[in-house]
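Let's start with one chain on its own, the form predicted on its own, as structure tokens.
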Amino acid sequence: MKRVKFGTSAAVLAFLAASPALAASDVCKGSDINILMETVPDTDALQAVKGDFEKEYGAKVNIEAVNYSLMHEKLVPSLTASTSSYDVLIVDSYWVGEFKTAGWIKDLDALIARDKVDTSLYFPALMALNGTVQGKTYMLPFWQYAMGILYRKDIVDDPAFQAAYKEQFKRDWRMPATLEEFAEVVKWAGKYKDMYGIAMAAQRADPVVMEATNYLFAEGGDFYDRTTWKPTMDTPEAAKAVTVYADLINSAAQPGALGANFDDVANTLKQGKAIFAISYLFLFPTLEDPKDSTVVGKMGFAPVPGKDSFLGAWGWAVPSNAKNPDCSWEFLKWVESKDVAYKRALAGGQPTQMWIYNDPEFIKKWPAMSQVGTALEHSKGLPIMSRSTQLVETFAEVMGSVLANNVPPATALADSQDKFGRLVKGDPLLK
């Protein structure tokens, strides 16, 4: 694969050198800004406000919204070309290491300093995940995909349900405190209500990895010791996490869960067929849409039980081979300005700026968002490494062996140790 070399200091200076005769609002005049995005509520939220940028800057913003599975394969040819066909990038958290190592995204520090962009507005966890790499800023956090328990609060708050729970478990109702307890409750609740206990997304590769990583982190497991970078997939914690996940797929999830993604989880919940899910907070706008949801006002959100949950995010970036990098930067500043970030949040986006979560109107419209701070305190992302996409593929292979081929979890995990070890060998981001 052709790799674009990381920009030299001369390239950075060229990036900063806009014509002094042009005001900031003029650098985009007559331009097209092409952006590849995922079909999620945050994209809809941007669609709703992009006309403001077009009016102010005299540019046309073209959003190409596709399924997540198509994004990486569409981006790479553009990023390895002499000029990118996309003017602004949104970078998934587990692409960060790859994109930085390949030199596909611009260092933004000089621009941030020049234009006095306040990056302290963002959650530190999100800046670490989709902002800075090795002390330099390459992105502005766009939206976060915190994960947790999505649950039917009308069911679990029902006195009859709680009385039956107490009879079964000999304790008053509480949200599960451990992954094992969660699994017990899911299986019992599904049988008690004659519903699916849980909606799950085990499609290869990204859906099952994003979901199962919550189970791994909840048990205190991880892919590596993040100090020595030795793989840790042969630990009891990893084996227990995968065992619990496989058990729920087989005993409590909706039919077809092995081929399901987050849209299928959302649909199962919207149709009132499942009680729980460990999934994305960003599903709430569609769950609360009365046009096609039967659970409006009935869903709650709680942190994943156990130690940690998985955190993902997206960041805005400027391609190193952007045709008009000055305009690309102006768009980043505009889209992350307080006014625009707030409008996107009210429209159903998942904001990354901390102050928005203290805004009464925002919390009134999206009450579940009050849990984001708690979720971020006990969450972590995938390692920022050059071969993070291969990490996802390798873990997906493990899960496929267990779920489709019935390989014992401990065996599948132990067999993956060498593969995980090779992924970090010689990685410049892990020195």
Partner chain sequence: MTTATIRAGSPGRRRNLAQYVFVAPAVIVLALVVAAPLLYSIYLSFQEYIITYGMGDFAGFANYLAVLSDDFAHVSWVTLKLTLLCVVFEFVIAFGLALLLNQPHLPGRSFYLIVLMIPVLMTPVAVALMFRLMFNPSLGIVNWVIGLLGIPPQGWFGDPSLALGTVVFVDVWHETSLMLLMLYAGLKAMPGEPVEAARIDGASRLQILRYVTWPLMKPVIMVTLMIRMIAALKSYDLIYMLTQGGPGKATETISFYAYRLGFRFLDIGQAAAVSFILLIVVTLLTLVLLRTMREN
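Positions refer to the first chain, counted from 1. The model shown is predicted, which means the values in this text are computed figures rather than measured ones.
Below, we refer to the form predicted in complex with its partner chain, which is not included among the displayed structures.
Checking T243, S78, Q162, N267 for any heavy atom within 4.5 Å of its partner chain in the model of the complex turns up a single hit: N267. Contact annotation: of the candidates W314, W104, W329, F310, the single residue with a non-hydrogen atom within 4.5 angstroms of its partner chain in the model of the complex is W104. Contact with its partner chain in the model of the complex, defined as any heavy atom within 4.5 Å, is confined among 29 to 37, 54 to 62, 368 to 376, 398 to 406 to 398 to 406.
At the 4.5 Å threshold, heavy atoms of R204 reach its partner chain in the model of the complex. Residue contact check for L70: one or more of its heavy atoms lie within 4.5 Å of its partner chain in the model of the complex. For the chain shown alone, Q47 is not a contact residue for its partner chain in the model of the complex, no non-hydrogen atom being within 4.5 angstroms. Proximity of E98 to its partner chain in the model of the complex falls within the 4.5 Å heavy atom cutoff. Residues P255, G256, L258, G259, D264, N267, T268, Q271, K273 are the members of 247 to 276 with a non-hydrogen atom no more than 4.5 angstroms from its partner chain in the model of the complex.
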